[in-house]
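In the block that follows, a single chain appears as structure tokens, in the form predicted on its own.
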């Protein structure tokens, strides 16, 4: 008798993240650091293990090396299992075909053999670039109780943003009667979160049909979901009420980091009932010097703070020297802000050096853009990086 899993999760993590510009020059978007000690992919992986789903395929494509190394054997998320666990799935050459993933549906189609190894009854499809906490087990329970062929997690968004999403039009009982992918004139504000549960046999059938269609763009929202609706399959919505953020832009990534701050943060990562697991760096405790000032900020292990930190999120091993000021900013691991430098309303990638007297960004205010510094660059002594500027090369300063 074949061993089986009730539900297998497939996590789409191959995105280039082009709207994050310099932050994704060398890594996939799900591997981007977040919240002082996490990476974006920690959230869907943690949701899986907290929901009792212990078999996860992570589909990678763009710049996968760092993401693959970070996931490793899945031990930090309790996904190092002898049957199941986490598996990194990259495009590969097969006897009859060899191609990159051509779309979200094609990526899942190319890994049907992985899913079928576990003989699952249900397949959970996830995106690797969202920040949220969600009990997938509750969504699966609703899918089973309603006898659905496909259940789509959804939340209400402001009308002005609705055209950015797939929009669900539903009946009173939650049955979906129309799905519109990024409509110019939305008929509702109920937006797909890109989280789907399929009855496995139905998913396999429609993926095979989609692969045979030469006119398909191989995408769930544009092709597979409309095909299921047109065929009369039972499709249900599952409304989500909690915090959810698509961190695919510089502004949304900064905002989501800031949402972690305060006595009552908009998004609480310290909830002991729903732990967010991560692969923690080897680092000593953080050090806050006698002349340092730290206000409403998150400081990770290994940081040395002798300057002023206000409303900011600092990842591990960041150094802020005496007389330096960091405000309203996100600073990633290994960055050094030297004496007399100022960093305002910015996102600074890993291993950056901001030399003494340099000024990065401007005071946060209406119409002021977020400055961004790419990985490993140097901002020279007394140099300036303007508000809203995105820099991925060294900035010359005084000799």
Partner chain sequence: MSAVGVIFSNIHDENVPELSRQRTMGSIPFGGRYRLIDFALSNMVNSGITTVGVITKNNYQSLMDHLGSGKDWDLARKDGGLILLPPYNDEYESLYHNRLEALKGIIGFLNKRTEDYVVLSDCDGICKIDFSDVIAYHEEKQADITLVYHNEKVVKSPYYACLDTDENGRLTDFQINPNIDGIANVYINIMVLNRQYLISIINNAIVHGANSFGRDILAKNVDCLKLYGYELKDYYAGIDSLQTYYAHNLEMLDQQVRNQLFGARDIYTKVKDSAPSKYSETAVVKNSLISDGCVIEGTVENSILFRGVKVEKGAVVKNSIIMQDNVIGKEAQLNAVITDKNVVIRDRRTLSGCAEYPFFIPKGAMV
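Residue numbers count along the first chain shown, from 1. Being a predicted model, the structure only gives us computed values, none of them experimental.
Omitted here: the form predicted in complex with the partner chain. The next part is about that form.
Can you check whether residue 269 is within 4.5 Å of the partner chain in the predicted complex, heavy atom basis?
Residue 269 belongs to the contact set for the partner chain.
At 4.5 Å between heavy atoms, is residue 33 in contact with the partner chain in the predicted complex?
Flag for residue 33 set to no.
Might residue 119 be said to contact the partner chain in the predicted complex, defining contact as any heavy atom within 4.5 Å?
Heavy-atom contact with the partner chain at 4.5 Å: absent for residue 119.
Since only the chain is shown here, I'm wondering whether residue 287 would be in contact with the partner chain in the predicted complex (any heavy atom pair within 4.5 Å).
Residue 287: yes, in contact with the partner chain in the predicted complex.
So the partner chain isn't shown here. In the predicted complex, which residue out of 157, 260, 112, 88 has a non-hydrogen atom within 4.5 Å of it?
Selected option: 260.
296, 201, 178, 213 - the one with a heavy atom within 4.5 Å of the partner chain in the predicted complex
The residue in contact is 296.
Thinking of the partner chain in the predicted complex, which stretch from 160-168, 189-197, 272-280, 321-329 has heavy atoms inside 4.5 Å of it?
Of the options, only 272-280 has residues within 4.5 Å of the partner.
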